[in-house]
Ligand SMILES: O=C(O)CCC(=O)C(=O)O
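One chain is shown next in structure tokens, namely the form predicted alone.
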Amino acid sequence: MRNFQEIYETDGLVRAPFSLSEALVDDMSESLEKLMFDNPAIPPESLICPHIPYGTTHNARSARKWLEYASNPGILDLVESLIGPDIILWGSQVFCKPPNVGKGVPWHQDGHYWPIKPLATCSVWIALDPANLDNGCMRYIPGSHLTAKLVPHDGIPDENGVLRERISIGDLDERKVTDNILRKGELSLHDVYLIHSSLPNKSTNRRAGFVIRYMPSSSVFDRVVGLKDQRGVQFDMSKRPIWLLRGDDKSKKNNFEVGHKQYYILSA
């Protein structure tokens, strides 16, 4: 039987061997409700980096809660077992699909959008609601990360999707598509090169998830690329703050001051 690390290495996605406590997930859900209330003009499928306190819609008190979630020791232990002991938090996002109208996500690779060199990230997907076939759970192609290469993405004028680019269907073996069905409080971890998507939410139940992005400190968060080469992303990564949550900056090139303010403690 394959162990946790072997499944991640061969499939590109693995479910955690434990669930988060009911109290913690309920606390996350309360934070989500506040986040959506404070940001009525932002689509709930695209609430980016709630852990960063310096934007116009994220105050320090609310953001600190999300930073605490991202710094959870149990989650970091899982991440460490996959990418090593030197861990940088560089991003997060809430994907909340409302009942009946929640948007789908086309086939893509996360790394197509990210200014990280060399490209390496482990994303942790936490189910704040049950994620199933009816409400548009994540779908993925096991092993699609093994080439460690980015597949070309084509632009799509799709107002009903979360992204504006997608991998051509002709490049996919849909016979291998696997559904990442999770109960509330369960979490999965996936590789930066994994090809994945999700369908719209056609059910009467919300599907909300909190995704946390971690990179090994042997990679560099390249702010020049983040400014000049966004590849369809509608937000600026050149001034995004990042946090060293564990270990040392092995690259010696990551900047942990850009984007931070003096009054905010940088360590989790």
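These numbers come from a predicted model, not from an experiment. Note that residue numbering begins at 1 and tracks the sequence as displayed.
Just so it is clear, the following notes concern the form predicted in complex with the named molecule, a form of the same protein that is not shown.
Pick the stretch from 65 to 73, 35 to 43, 238 to 246, 208 to 216 whose residues have a heavy atom within 4.5 Å of the named molecule in the predicted bound form.
In short, 208 to 216.
Which one, Glu186, Asp129, Asp110, Glu80, lies within 4.5 Å of the named molecule in the predicted bound form by heavy atoms?
None of the other options qualify; the answer is Asp110.
Of these, Ala120, Leu89, Ile167, Val105, which has a heavy atom no more than 4.5 Å from the named molecule in the predicted bound form?
So the residue touching the named molecule in the predicted bound form, by this definition, is Val105.
Does any heavy atom of Leu182 come within 4.5 Å of a heavy atom of the named molecule in the predicted bound form?
No, Leu182 sits far enough from the named molecule in the predicted bound form that none of its heavy atoms falls within 4.5 Å.
Is the gap between His190 and the named molecule in the predicted bound form 4.5 Å or less for some heavy atom pair?
Yes - in the predicted bound form, heavy atoms of His190 and the named molecule come within 4.5 Å of each other.
Close approach of Tyr140 to the named molecule in the predicted bound form, 4.5 Å, heavy atom:
So Tyr140 does not count as contacting the named molecule.
Does any heavy atom of His196 come within 4.5 Å of a heavy atom of the named molecule in the predicted bound form?
Although the named molecule is absent here, His196 would touch it in the predicted bound form, with heavy atoms inside 4.5 Å.
Could you pull out the residues of 77 to 105 that have any heavy atom within 4.5 Å of the named molecule in the predicted bound form?
Phe95, Lys97, Val105 sit within 4.5 Å of the partner.
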